[in-house]
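What follows is a single chain, given as structure tokens, in the form predicted on its own.
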Amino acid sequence: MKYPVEQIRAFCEQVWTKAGLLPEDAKRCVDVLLAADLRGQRTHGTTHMKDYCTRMELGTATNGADIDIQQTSPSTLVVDAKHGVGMVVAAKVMERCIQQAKVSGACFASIHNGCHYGLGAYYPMMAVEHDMIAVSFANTPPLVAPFGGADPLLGTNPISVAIPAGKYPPLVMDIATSVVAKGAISLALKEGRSIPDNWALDKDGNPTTDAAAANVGALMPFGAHKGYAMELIGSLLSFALSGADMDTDIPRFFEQPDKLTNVGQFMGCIDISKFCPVEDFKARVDGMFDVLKACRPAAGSKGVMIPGEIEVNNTKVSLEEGIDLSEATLKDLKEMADTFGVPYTF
């Protein structure tokens, strides 16, 4: 069933505040979760609200009010997240990167002692609003088999990039370096659905359609050796620069909520105006998009889409029609209402 965005927002903000976040940070967290739901990326939306709050209750995630950001050069930051809720920390770090990039032309940050930060694209999209190009990387628990292997040794290690345009919406790429994000397996398991046979291997290294078997097996890298290389690069940028844990040492965030995580993240932005006039850049981007959109459609295709275009369309529809909340998610919301003494409004 679909519910109005503002109804979901109001409820979730109350829960986050009762869980221990400052009001402004509660708004930010809800904004990140709703951005995922609005864009059609439900695996990173309100379906995991309870999981984040459980960590707050157990003390394995803090409210992020005391993170330590050290500026080590005009264009670099080193951040100790101190296990703060990922959406709070990542947003504060990107805000600082944006502020500094306006001075130095670019700013990048390494983060250690981090937690799961939800929709990776959210943070580069923050910088696009300031006419900047931005990226975000993170390492995650070992869920993906390296190309040619059967054991889960690498994370899904998402890569997110956002690039401004003029008459078009910005390009927004947000991909897991596995065939699918782990959240897709978790959601299928939660809702009792099977999965396609090219998503994961079972514990014996065989392709499986059983979400439960996939959950104890390994995801596959997308694009075979190409995805494997990108997974590894994302991992090294995230943990080797920051001193966070290697993928193999990170506990499963949603399944082991009692364990602290030392996730690594790497993010930052580039001020376009320090290279060329912003309007010239946007005109060039639009020109490239014009060429792509004019391409003849392949058989069975409705035409070429710009990365992020589907999500922009999904957002428009969701704002008009509401967000679909599954029975499993509604059950979680009811339990949170009872736990934190918030009126249940669904």
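One-based numbering along the sequence shown. As the structure is a prediction and not an experimental result, all values here were calculated from the model. Heads up, when I say rigid core I mean the largest set of C-alphas that superpose within 1.5 Å between the two forms.
The same protein has a further form, the form predicted together with another copy of the chain, not shown here; the description that follows concerns it.
Scanning 69, 317, 288, 58 against another copy of the chain in the model of the complex with a 4.5 Å heavy atom cut-off leaves one residue, 288. Only one of the listed residues (128, 188, 213, 171) places a non-hydrogen atom within 4.5 angstroms of another copy of the chain in the model of the complex, and that residue is 171. At least one heavy atom of residue 239 is located within 4.5 Å of another copy of the chain in the model of the complex. Though the partner is left out of this view, residue 204 does reach within 4.5 Å of another copy of the chain in the model of the complex, counting heavy atoms only. None of the heavy atoms of residue 94 is located within 4.5 Å of another copy of the chain in the model of the complex. By the criterion of a heavy atom within 4.5 Å, residue 259 is excluded from the residues contacting another copy of the chain in the model of the complex. The chain is drawn here without another copy of the chain; in the model of the complex, the stretch among 86 to 94, 156 to 164, 251 to 259, 116 to 124 whose residues come within 4.5 Å of it by any heavy atom is 156 to 164.
For the candidate spot formed by 76, 230 and 275, every residue has a non-hydrogen atom within 4.5 angstroms of another copy of the chain in the model of the complex. Using a 4.5 Å cut-off on any heavy atom, the residues of 127 to 150 that reach another copy of the chain in the model of the complex are, in sequence order, 133, 146, 147, 148, 149, 150. Taking the rigid core as fixed, one finds a CA shift for residue 149 of 2 Å or more between the shown form and the other one.
Annotation: Cα of residue 219 displaced by at least 2 Å between the shown form and the other one, core superposition. With a cut-off of 2 Å and the rigid core superposed, residue 237 has a Cα displacement that falls short of the cut-off between the shown form and the other one.
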